[in-house]
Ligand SMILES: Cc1ncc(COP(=O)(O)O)c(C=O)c1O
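Only one chain comes next, encoded as structure tokens, the form predicted on its own.
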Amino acid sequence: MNQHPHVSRREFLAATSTAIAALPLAAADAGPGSSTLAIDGGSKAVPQAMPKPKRWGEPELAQLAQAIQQPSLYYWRNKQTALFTQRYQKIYGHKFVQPCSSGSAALHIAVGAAGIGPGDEVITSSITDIGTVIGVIFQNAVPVFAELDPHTYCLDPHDVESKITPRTKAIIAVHLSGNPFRLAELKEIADRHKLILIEDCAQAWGALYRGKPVGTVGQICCFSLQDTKHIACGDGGVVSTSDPRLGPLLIKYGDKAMNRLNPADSSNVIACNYRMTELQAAFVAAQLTRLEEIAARRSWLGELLTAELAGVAAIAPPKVDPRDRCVHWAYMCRLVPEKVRCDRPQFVKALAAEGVVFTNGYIATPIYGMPMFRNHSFFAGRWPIKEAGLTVMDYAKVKLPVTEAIISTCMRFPLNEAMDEDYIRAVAGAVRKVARHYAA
């Protein structure tokens, strides 16, 4: 049975909830011995292997074949980079596009273009990939971590505003796991305080905020093309804007301080070589033709899993605004400790025995809990701006209760576009089985 991926989210949830109410036990819950956990000798709820997508093939090969016919694989004004840029602009509409070597590079470029310098503060998420803040640290600026919404895992706008100081210059907001954050509220805060809003869309290819692509509200947006992302080229990234002041700076900070749109404005700052090659650009140009299908499919599968888990007291599913499209880089949910008689590792272990792969969370500690932050040891064991008195930040004293609760209870299911309705229902059946067994 195949649900059409373009049905509206409201219609889908309403229809699925009705179906679940009518069928209190899914097929995966039925059958002799099914109440005995597989870890205790019962039969597996999901005996089939997890489906895996075929992520690339003829379109990528054809585009690469065109690239190797070229006399040069250098990116600037070359054919593959131009094609990638055109296809990207068709989706995101930005005038200035700088392909680059990684999502981390894209974010560093964005921070440089935003004019972030020594002692400046940048408010950002406490649960994210370290790449979100690497560029901030390298600019000798100060990441300031704000609290998160407990079920979207995105920045809480009220806490963001409470952390703004005269030194704050930007906000880097993360669409974690492809779930759009509260863009309008954060943009209003940023505009009122004259801050630059940078959207970290690394995990959010194809996500929609109020029907529009994420990355189109903030002044700058950054994407990753690392191997695990919705579309990929092994490693790569892209940063873009339509702001005429910031656009040339993106190119400058991605290309060793060479402002190719205005050569006179070159070599007057330090900037890295973050350029992308034509081979990467060719691959991504082909990948972009798959994006909408992948995004729509993952969104639908994630909503199906959330609907199937409705009423399971042990699980707090991700919260997605019905006006938005979450593209589920992974399906992130939370175990509700007071509703179960086991800890998270045991719950995950029991699910694995049932044939379902969940992981114990996303990252092991909030970013501010990493040793380099706790010890302020960013540069050969030192943090020069703190030694120079440009910041009083002490990460060893940072404590964000909601963030830490998410870290300790989050579970992640590697949802992908190759899965179908039957498989997702079976996964939900396995979760219900384990939750029922350990119910408090």
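On a predicted model such as this, the values are computed, not experimentally measured, just so you know. Residue positions are given as counts along the sequence shown, with the first one as 1.
What follows is about the form predicted in complex with this ligand, which we do not show.
Visitor: Among 340-348, 138-146, 220-228, 282-290, mark the stretch whose residues have heavy atoms within 4.5 Å of this ligand in the predicted bound form.
Guide: One stretch meets the cut-off, namely 220-228.
Visitor: Among Gly254, Gly236, Pro180, Gly215, which has at least one heavy atom within 4.5 Å of this ligand in the predicted bound form?
Guide: That would be Gly236.
Visitor: Identify which of Leu155, Ala114, Ile171, Leu107 has a heavy atom within 4.5 Å of this ligand in the predicted bound form; exactly one of them does.
Guide: Selected option: Leu107.
Visitor: Would Asp120 count as a contact of this ligand in the predicted bound form, using a 4.5 angstroms cut-off between non-hydrogen atoms?
Guide: Close contact is absent here: in the predicted bound form, Asp120 is far from this ligand, nothing within 4.5 Å, heavy atoms only.
Visitor: So in the predicted bound form, does any heavy atom of Gly131 sit within 4.5 Å of this ligand?
Guide: Yes, Gly131 is a contact residue.
Visitor: Does any heavy atom of Ser299 come within 4.5 Å of a heavy atom of this ligand in the predicted bound form?
Guide: Ser299: no, not in contact with this ligand in the predicted bound form.
Visitor: In the predicted bound form, does Ser102 have a heavy atom within 4.5 Å of this ligand?
Guide: Looking in the predicted bound form, residue contacts with this ligand include Ser102, since a heavy atom lies within 4.5 Å.
Visitor: Any residue of 191-223 with a heavy atom within 4.5 Å of this ligand in the predicted bound form counts; write them all down in order.
Guide: Result: Asp200, Ala202, Gln203.
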